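Given next, in C-alpha cells, is a single chain: the form predicted alone.
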C-alpha cells in the first residue's frame, strides 16, 4: 500500500494547523522573549505596546489562574518568566493582536530592564560549578577497575558531538477556540496531545476534561514536538480563557529556532582497553550532556545515552557515567535517536582511536566485538535474536568489504589531491519507551452499519507513514477493501491518556491496541455469522469482503454481516488497549529489561574528499537492515533513507552555534545548513536481512523511525579515513560535525 497521505501532500490539500480556516474574531499570538541569556527581570514596560492600535491583550504570568509551570519530568520551567530569565528567547509574555503584523509591530515597543548575570554555555563548566539538572547516573558491568592492567592496549580521549536543529517544515504552532461551558479545543502541532492537554489544564486551573486537543498531522517533528510543542498550545489556550476569543499562534522560523531546544550537544571522555587479539576488555565513558536551562526531556535522553553507550558491541567490563548539565541555552529536547546516537558516537570514536594507534582497519575491531545472542548489555538485558554477525556477513557477501578496502587504497595511491575513505557502521537500537508506564496505547474502532470503518488511535502522523500502517492493520484484520477504512485525527476526547508518538514505538503500541479492538469486533461478527449458518464459531472466517464457512465462501458479504449484526443489536464499537509485556527497569540498581526488542543493521559508507577545498561527496551508502517482516516496504525504506541522510547531516554540516553570551548565531537557513539534494549520497542501497521478525513488533514488522539515523555516524569516520590518507600526521579530533572548514584544517594540520 502506498502512503495514504502522499497525494494530499503533493497536491497541497493536506491540512496543517495554519491551514485550518480561522473563525471570526480570531486574534493572533506572538511571544515576547528574553533578549539576554541570564538575568533578573527588573522592570517590563508594556504600555506603548498595549496602546498600539489593534493590540487586544498582553498575557503574562499574572494572567495564569493555575500553575505557571510546564515542566514535564521536573517542575522547573515556567510558561512565562516571572523574576528571572535563563535563556535568550525565554517567553516572558504573549501579545494578542488583531493581526500578525500588528503583533510584530507591538513587540518592538516593549521595554525591558534586566540585571544581567554571567551565562554558562559549556556543559563541562556547568558540571564543575555543580549546575546539574539532576544527580549523575552510572551503568556498570563487570569489574572494570580490576581489568585495566590486564589490557594489552589502553587508549584515552575526548569526543564531542554538537546539537542539531529539528527544522521541521511546519514550525511550532497551535489554534485554540472557545467551546461552550468553558471548554477549549486546541488544534496543535504536537507529537504529544496528552502532554498539551495535561499541561494546559494545569496552567488554566481546570480539569483535563475541559481541554480537547486535536492533531490531524504534523509537518515534521523528529522529536522537536514531543515536549516543546506544549507551551505554544498552552499559551493559545490561556488566551482563549482570558479573552474568550479564538487564538492562533504560529511561530515564524527565526523565533522557532531561537526559542526552542535542539538535539543535546555532548562533550565526552572515553577510555578503552583491548587485548592483543583486539577484544575490547574494558570501556569507560563520561558524558557531559548540555541540557540547557531546564530539564525538559533531558533525564530520559541521558538515560538512553547510557543504554546505548556500547552500541553493537559486547564489552565485559563497562562503566558509563552521565551528567545532565544546566546551561543558559534553550532547554534541549528529544531528537530522532533520543540520546542514543550521542552515546554510540563516543564508542565509535574510541574504537577509531584504538584502530589508528594500532594501525589496523577499524572494521577489524568492530567485527571482532559484535554482540551475539546471550551477551549481557551493561543495563542487564540479555541480547537475543541479534543477527549482527549474519548482517555483517551479508554486507561482506553483497558488497565485498576487503575489495572496497583494496579499491580505495589503490585509488588513494594513484591520486594526490583527491582521496577516498570508507567506514562500516553497525547499529543496535532498543525499541520501547525507557519509562515503562509509557508503553501503553489505546484504539477506538467503529464499524458503521454500512460496513465502513472509523479508526482512532493515539498515533500522530508526522510524515513517518503511521496512518498508512494503521489503515493497513484495520483492513487486514477485517479483510476488507482499505477504501472502507477512515483514519480519524488524533484526539484526546476519542483516545485519552496517550503516550507521545516517539521512541519508535508508535506503530507497535497503537497497532497492537488496534489489533485488540479489531479482534474483539471480529469475534462478535463471527458469532453472529455462526448463529446464522448454524455452525461453530471456529468454522467462520472473513476473507476479501466475504463470510467464509469451513473454508468455502458463502453468499453473505461483509456489508450484509455487519447489517445483520446491527439489527441484532451487536455492539459494533470497541476500545482496544495494549501494554507491552515483559519490559521493566529498576533505576535503584540500573538493571532490567527495558526494551521489547532491538533493531540491528550495518552500513558501508564511501566518500571522496577534495583535498584542495576541503569539500566532500558521499559516493555510496550500502545498508543491510533488520526490518523483521516489513509490513510496508515503501514506507520503511523511505524511513531508512530519510534517517540516514539526517544522520549524515548531523555528522557533517549541521552546526548549531551559540556565542559565549548564549545568543544563537546559526539562526537562519543561511547560517544553518542541512543536507539538500546535492549533499545526499549518490547511491543508497538498502538490503533486508532475512529474519522471522519479533512477535513484540506489530505484524513482526520492526520499528524504523530512529535506528537508521545512526547509520549516518559512518559519514564522520569515512571522512576521517580520507583525511588521514592525505595527511598521515592528522590526529583525529572526534569533533562532530566534520564540516568542510574542519576538514580543510585537518588536511593541513601538522602536515609535512
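All of these numbers come straight from a predicted model, not from anything done at the bench. Numbering follows the first chain given and starts at 1.
Beyond the structure shown, there is the form predicted in complex with a small molecule, which is absent from this document and is the topic of what follows.
K.L.:
Could you spot which one of 165, 348, 296, 226 gets a heavy atom to within 4.5 Å of the small molecule in the model of the complex?
P.N.:
Only one listed residue qualifies here, and that residue is 226.
K.L.:
Which one of 338, 377, 175, 87 is close to the small molecule in the model of the complex, taking close to mean a heavy atom within 4.5 Å?
P.N.:
None of the other options qualify; the answer is 338.
K.L.:
If contact means a heavy atom within 4.5 Å, which one of 428-436, 517-525, 179-187, 637-645 is the stretch that engages the small molecule in the model of the complex?
P.N.:
Contact-bearing stretch, as computed: 428-436.
K.L.:
Please run the contact check for residue 706 against the small molecule in the model of the complex: heavy atoms, 4.5 angstroms, yes or no?
P.N.:
Residue 706: yes, in contact with the small molecule in the model of the complex.
K.L.:
Residue-level question: is residue 447 within 4.5 Å of the small molecule in the model of the complex, judged on heavy atoms?
P.N.:
Contact with the small molecule, no.
K.L.:
Is there a heavy atom of residue 598 lying 4.5 Å or less from a heavy atom of the small molecule in the model of the complex?
P.N.:
Result no; residue 598 lies far from the small molecule in the model of the complex.
K.L.:
Is the gap between residue 234 and the small molecule in the model of the complex 4.5 Å or less for some heavy atom pair?
P.N.:
Contact check for residue 234: no, nothing within 4.5 Å of the small molecule in the model of the complex.
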